[in-house]
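Only one chain comes next, encoded as structure tokens, the form predicted alone.
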Amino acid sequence: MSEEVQRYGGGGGGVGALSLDLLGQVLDRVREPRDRKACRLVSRAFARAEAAHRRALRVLRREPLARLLRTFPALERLDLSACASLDDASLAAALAGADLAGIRRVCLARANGVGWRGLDALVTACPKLEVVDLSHCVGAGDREVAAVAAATGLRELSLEKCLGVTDMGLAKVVVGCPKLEKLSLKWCREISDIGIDLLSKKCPELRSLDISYLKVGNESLRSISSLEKLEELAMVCCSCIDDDGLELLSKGSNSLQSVDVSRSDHVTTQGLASLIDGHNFLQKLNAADCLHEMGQRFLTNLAKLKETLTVLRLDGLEVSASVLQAIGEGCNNLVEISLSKCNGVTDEGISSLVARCSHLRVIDLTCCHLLTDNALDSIAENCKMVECLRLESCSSISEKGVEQIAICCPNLKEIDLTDCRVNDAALQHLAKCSELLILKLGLCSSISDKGLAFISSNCGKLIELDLYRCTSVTDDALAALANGCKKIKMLNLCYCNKITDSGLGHLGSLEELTNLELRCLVRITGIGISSVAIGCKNLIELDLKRCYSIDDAGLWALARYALNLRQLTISYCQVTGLGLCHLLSSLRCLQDVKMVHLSWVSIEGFEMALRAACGRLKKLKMLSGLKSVLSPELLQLLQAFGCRIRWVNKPLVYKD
């Protein structure tokens, strides 16, 4: 793309003669961010077109925020979730003077530095605001949501893990935003039945509600049943809700299409049967890890959903071949079924199920230990459109079963073979699946370079590869992957201890790599890390735990080149206070650091490094011994900026 732009490029004759609207439509069809950037760099006309036409912006640092908001006046969606150290003052300053009348969606997830003043400035500057995401803003409370409530046109609001929000704050929202259609209150554990009752009365347009992990009881379900337009209800791990509550819910409007009661341990199949009686248009039902046995009434009522039910999750349930046959007969429009960790799942049961559910695209059989290749043969024969197959710890399957899947399921996009006894021959068969995006091979000790060469030769669309503890994998496999699978974004090489700096040199050509796990690769040094840092500019997460030969040289390379890094684990590395301080002061996007057992770093080194990144860090993991020797003022400052510290109770050791 960039070569073509350079050829026809930036002058007034070619591209420059086209209208901004037409150039904007061209940019809409350029999917790759690198290609869009190339267009901007070589053509002023494209740069002007994007400035006038761009609708979405994701900002990684607070410093350029004001300039970016002025540059792109047509923005509709603004994502500040990765903008480290954003606070009220910097947000208000960036908003001042910018034309944000078109902004409709703002994401401030994990923006712990933003309080009610910043939110008040945001709502004032964006009069057409419709969607706000404050998820994981753990310090947000009633004053913050009261500021958001001034956005009277709000349709969607996520308050997931806003731990300070109470019924008072929720009341402000529901009174100020009566047009709400989607609301997440997950983990807002100070909200009670009173708040849910008021919500149900004031927000009649609500279509999606998440009350997972709340301490609300059956009275909340009585209130929710009055919401005539409610389509999605999630109540994961609501331990105060039981079958009586589901009975109350069943008496409401027959509008529910998706219900999630997973991990709600007082719910039984009797309650779910009652729910189905009142809501016979359900499309998705998640009852994972809450049921112990399959009741006959529930099984019978599932058949009432024969025309509508597409997703069924029954993880952890005791099932038999006859139960699976009944599910197949009663729910033959299923496109997804999850039987993860279900006892009693056999080849016979799977054969009975898939023979009647030929539309299945997602099948989760994690830890169904009794399954053999015969089950895979049945899936391959009946479910030719399957796209996702999870088989972790199904230790009796072999390359023969994988071969049938590869031959009969050309649309396969994801397969999990973690802890399965598969070998290079299985990968040779899987290489036929050219649409494969996600491949998990953790703990498959028989996998070697030869098998990964097969994958690299034909699976060029692969974006995620897990080779955890595949101890036969060497640098040659990484060379093949770097040559054939250039779109990889997530790569797990933990405990692949034959890999050296040479292998990391090959990884440097994976320009789209964002997540890299290298735990306990004892042969790699700062040289290999430098190769990764220089080549993988999009790297967001890096795990170097127990890479004992990584020293300051590796950190200096990361500090200079890995400017987008947000999460880093360097526990047990041979780094010093100087290297740590330089790293934390240089990486402006870094938010999450795990640094346990850095024996070469002094107290002063920790102190200087943490002060250098104080306003940006959101999560830390350190030895508990540091808690008593670091200055209380520093720890209070970190907490004030919304940083959560996990203290590990292990001995504090220094090396001279």
Partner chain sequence: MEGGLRRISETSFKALPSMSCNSTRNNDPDQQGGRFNSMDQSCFSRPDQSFPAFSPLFGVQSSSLYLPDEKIGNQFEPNSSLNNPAVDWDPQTMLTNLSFLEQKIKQVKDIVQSMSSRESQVAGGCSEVQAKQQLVTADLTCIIIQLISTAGSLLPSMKNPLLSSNPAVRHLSNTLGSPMGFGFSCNQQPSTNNEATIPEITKTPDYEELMNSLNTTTPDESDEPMKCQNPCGGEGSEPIPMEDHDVKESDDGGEGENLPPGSYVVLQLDKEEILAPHTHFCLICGKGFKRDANLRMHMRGHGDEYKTPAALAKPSKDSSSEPAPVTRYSCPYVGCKRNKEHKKFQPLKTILCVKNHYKRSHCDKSYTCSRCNTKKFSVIADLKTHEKHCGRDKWLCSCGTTFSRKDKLFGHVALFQGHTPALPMDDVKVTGALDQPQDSEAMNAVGSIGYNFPGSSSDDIPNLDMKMADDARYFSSLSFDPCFGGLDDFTRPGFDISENPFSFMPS
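As the structure is a prediction and not an experimental result, all values here were calculated from the model. Positions refer to the first chain, counted from 1.
The following text describes the form predicted together with the partner chain, which does not appear among the structures shown.
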Counting non-hydrogen atoms within 4.5 angstroms of the partner chain in the predicted complex, say which of D419, E517, E144, D210 makes the cut.
E144
Let me know the one among A640, A17, V648, L22 whose heavy atoms come within 4.5 Å of the partner chain in the predicted complex, would you?
A640
Kindly confirm or deny that L282, L314 and K341 each have some heavy atom within 4.5 angstroms of the partner chain in the predicted complex.
no
Might R117 be said to contact the partner chain in the predicted complex, defining contact as any heavy atom within 4.5 Å?
yes
Quick one: does I603 come within 4.5 Å of the partner chain in the predicted complex, counting heavy atoms only?
yes
Although the partner isn't part of this model, could you tell me whether R54 comes within 4.5 Å of the partner chain in the predicted complex, counting any heavy atom of the residue?
no
Any non-hydrogen atom of D35 within 4.5 angstroms of the partner chain in the predicted complex
no
Quick one: find which of 381 to 389, 199 to 207, 318 to 326, 349 to 357 has residues within 4.5 Å of the partner chain in the predicted complex by heavy atom distance.
199 to 207
Could you run down 217 to 244 and flag each residue that has a heavy atom within 4.5 Å of the partner chain in the predicted complex?
none
